[in-house]
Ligand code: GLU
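One chain comes next, on its own, written as structure tokens: the form predicted alone.
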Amino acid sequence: MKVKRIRFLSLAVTLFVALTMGVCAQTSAEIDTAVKAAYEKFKGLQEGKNADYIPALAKVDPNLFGIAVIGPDGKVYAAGDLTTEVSIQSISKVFTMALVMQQQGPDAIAENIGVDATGMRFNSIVSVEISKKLGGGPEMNALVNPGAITATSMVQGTTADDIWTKIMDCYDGFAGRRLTVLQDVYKSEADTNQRNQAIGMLMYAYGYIKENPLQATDIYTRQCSVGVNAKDLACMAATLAFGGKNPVTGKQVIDAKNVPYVLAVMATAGLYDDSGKWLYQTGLPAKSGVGGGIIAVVPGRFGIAVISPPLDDAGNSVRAQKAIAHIVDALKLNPYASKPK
């Protein structure tokens, strides 16, 4: 049943791609205008607040704001700050999930974790209990903490260092450059991640994690602390938009056949418990992180990323949501609003 469900989601995203590809392409000037207009419209917005349950995140400049869009030729359309790095946080979950799919196939995620939205907070333990009571899988996915820690535990490698190298090589391939861990964020997060340690142990007790739950939690914490800027995130999103091929470097990072499965989970669970609201508004697969970043994918067209640390109550960047929605409206990127030629 779980395998059929993810195949159905994959079919839905394939249709989504076909619809999106049918939209007339915009000129470079139109794209540039939309990006700059979104920046100007929302740069003065003073809504939301930085995440503070990880102390290092509370110290990040709340005025940081950068937008980047990358198309098929690798050209970057940008406004605001493109160089300041923030921690990738939960956006990392997308790319670890993609790595597991690349190593073991998409059914590995569907069968061991699940692909359904939980309807609960990203760090909910109740969702794990419900999933276990229902026989596993139907109320979990790899974009909430229990599923994400489990996905990290599923990355194949002989040692912790080997696993970490594989994760970073994957992230680097998506970003098109060598990324590094923000050590202050990692220390801050590792000092305060007792809930995630408990989640890891619970997933181990219930058989989702097969071994070394605390190692998986530590590697997960490290991956969330990787530093990225708006251009990095846009490149990562664009690599998904173009079938796993990085449009800047030309490198095939993951097989194209795995991308629809990644996008399907992003569409249903990418913005925590506000994922439905986001999809309703924009129609795009996306993923947020409490570091302030959001990526959105327009298959065959663009990778979009915005960084702005102040978050709403669901843990999603306020300015990033508004800026991406503005670009989607301006360029008519919502596939459900598109019309055949």
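Residue positions are given as counts along the sequence shown, with the first one as 1. Bear in mind that the values here come from a model prediction, so they are computed numbers and not experimental data.
Quick note: we don't show the form predicted together with the ligand, though the next part is all about it.
Are 54, 189 and 272 jointly within 4.5 Å of the ligand in the predicted bound form, each by at least one heavy atom?
-> Yes, each of 54, 189 and 272 comes within 4.5 Å of the ligand in the predicted bound form.
Of the listed stretches (164-172, 200-208, 82-90, 255-263), which one has a non-hydrogen atom within 4.5 Å of the ligand in the predicted bound form?
-> Contact-bearing stretch, as computed: 82-90.
Looking at 98, 224, 115, 230, which is the one with a non-hydrogen atom within 4.5 Å of the ligand in the predicted bound form?
-> When the ligand is considered in the predicted bound form, the option within 4.5 Å is 224.
State yes or no: in the predicted bound form, is some non-hydrogen atom of residue 290 no more than 4.5 angstroms from a non-hydrogen atom of the ligand?
-> So residue 290 counts as contacting the ligand.
Contact between residue 220 and the ligand in the predicted bound form at 4.5 Å, heavy atoms?
-> Within the cut-off, so yes.
4.5 Å heavy atom contact, residue 145 to the ligand in the predicted bound form = Yes - in the predicted bound form, heavy atoms of residue 145 and the ligand come within 4.5 Å of each other.
Counting only non-hydrogen atoms and a 4.5 angstroms cut-off, does residue 246 reach the ligand in the predicted bound form?
-> Judged by the heavy-atom cut-off of 4.5 Å, residue 246 is well away from the ligand in the predicted bound form.
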